[in-house]
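In the block that follows, a single chain appears as structure tokens, in the form predicted on its own.
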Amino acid sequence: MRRGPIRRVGVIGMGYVGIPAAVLFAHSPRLEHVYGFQRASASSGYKVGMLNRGESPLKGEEPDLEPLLASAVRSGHFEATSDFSKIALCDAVTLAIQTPFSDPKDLLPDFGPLFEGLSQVGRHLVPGMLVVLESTVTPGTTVGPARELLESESGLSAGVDFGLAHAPERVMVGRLVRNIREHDRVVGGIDAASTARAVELYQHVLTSGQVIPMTATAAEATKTAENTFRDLQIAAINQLALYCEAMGINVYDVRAGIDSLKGEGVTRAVLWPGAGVGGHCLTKDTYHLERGVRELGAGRLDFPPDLMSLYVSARRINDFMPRHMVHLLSDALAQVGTPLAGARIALLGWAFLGNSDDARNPPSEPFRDEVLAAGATVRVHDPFVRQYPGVPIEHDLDAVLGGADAIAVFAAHNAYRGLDPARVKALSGRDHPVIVDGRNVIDPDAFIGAGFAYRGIGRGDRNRHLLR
């Protein structure tokens, strides 16, 4: 495989992963130019113009991103484009394209957009190029269908004519730039040369983070497993929250007690309970891991035959939490004598993460669907999410709270932490409005004292209160 220094990089997919990655590549003094590739589609083609004006399409709080983008554009080192023929000008190309599951029960992911991106790369692939999948995929995808597709489209041979690797993104919305710079980077090639080439590429963006080399399939399993473990940790605290509600105690007291042992060198990694898990990663990566072991480990997995996967059980617990919010809402409405059918609900926070505009797979959506099916009306407020298919998103908080029988808090946006009970009650026009806190952002005693029927995730110590 012909090799030379990596000077020009292409990043395919201008989303939460691709934009900050491209911007940071563009700030490397050893790289000459970075292309950000984005389809000219009706839903996302607008990003090309915005990016070339130095404006970020990501409207949540992302420290450093927009200034870095603007300076990269001014310097001429970054260019967004929908002309995929420019792939041929690149020494290395990364792909950061979503890989959702249409139906997790059949363990069949929707690789259509990713394979479309790979096909574009294959059509313009030139000898010596490095191709890196950053998308989270089922273990075995890089050495299997991704390699086959690239070779079929290009007529070249992976590992001989071009390098191929998997380097999964490891970022969290709200800290994208810092995560790319500081998190250790797992890199796995289909062979030693591809791995070495990928290590060279990511050294352009790492500051304190280190590169951890391994095989491509091990890198794929690493990413799916780390998100599966995080999902498992969230499910553990969510289950504990449900237990604490049943026992009439405060899960946050119990959590603080468990967490106190960390000073003794005992790793607890206790996360936080909430109204559900959203986003593109945790809601699906368990299924990528399950599919990988089903395909690569068929006939070799030694596991109790009468047990469901611990990981799938955790996923189901987290999927249950929006329904639990419906149960809390119904219980509080019953306490004030208001039926769910016909109730007016103010849903605060459509994004799945506080102070973010990321509304991919939000737990607010199944909650809204269920209460609408029960005959309630729902108005949604979010200060960051501009639009969402089929769901009107309002940005006037007072208007959404006006006349509401009940308020359901789904995102820990700062805008909801300072809610004044007296003012919210006045806006509702109710003697006993309901508030259900799915993110522990309000003071329950203040709202109970103002006459609200309060319910909160894990707040068994307050969920049985009398009306005042």
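When you see a residue number, it is the position in the sequence shown, counting from 1. As the structure is a computational prediction, the values presented were derived from the model and not from experiment.
Omitted here: the form predicted together with a small molecule. The next part is about that form.
Peer 1: Under a 4.5 Å heavy atom criterion, is residue 336 part of the interface with the small molecule in the predicted complex?
Peer 2: Judged by the heavy-atom cut-off of 4.5 Å, residue 336 is well away from the small molecule in the predicted complex.
Peer 1: If we define contact as a non-hydrogen atom of the residue within 4.5 angstroms of the partner, is residue 381 a contact of the small molecule in the predicted complex?
Peer 2: No, residue 381 stays farther than 4.5 Å from the small molecule in the predicted complex.
Peer 1: Taking the small molecule as it sits in the predicted complex, is residue 276 in contact with it (heavy atom to heavy atom, 4.5 Å or less)?
Peer 2: Yes, contact at 4.5 Å.
Peer 1: According to a 4.5 angstroms non-hydrogen atom cut-off, is residue 170 in contact with the small molecule in the predicted complex?
Peer 2: Flag for residue 170 set to yes.
Peer 1: Note which of 39, 439, 47, 432 lies within 4.5 Å of the small molecule in the predicted complex, where distance is taken over heavy atoms; exactly one does.
Peer 2: It is 439.
Peer 1: Sort through 243, 388, 272, 320 and report the residue having a heavy atom within 4.5 Å of the small molecule in the predicted complex.
Peer 2: Contact with the small molecule in the predicted complex is made by 272 alone.
Peer 1: Heavy atoms, 4.5 Å, the small molecule in the predicted complex: which of 77-85, 155-163, 93-101, 219-227 makes the cut? Say which one.
Peer 2: This holds for exactly one stretch, 219-227.
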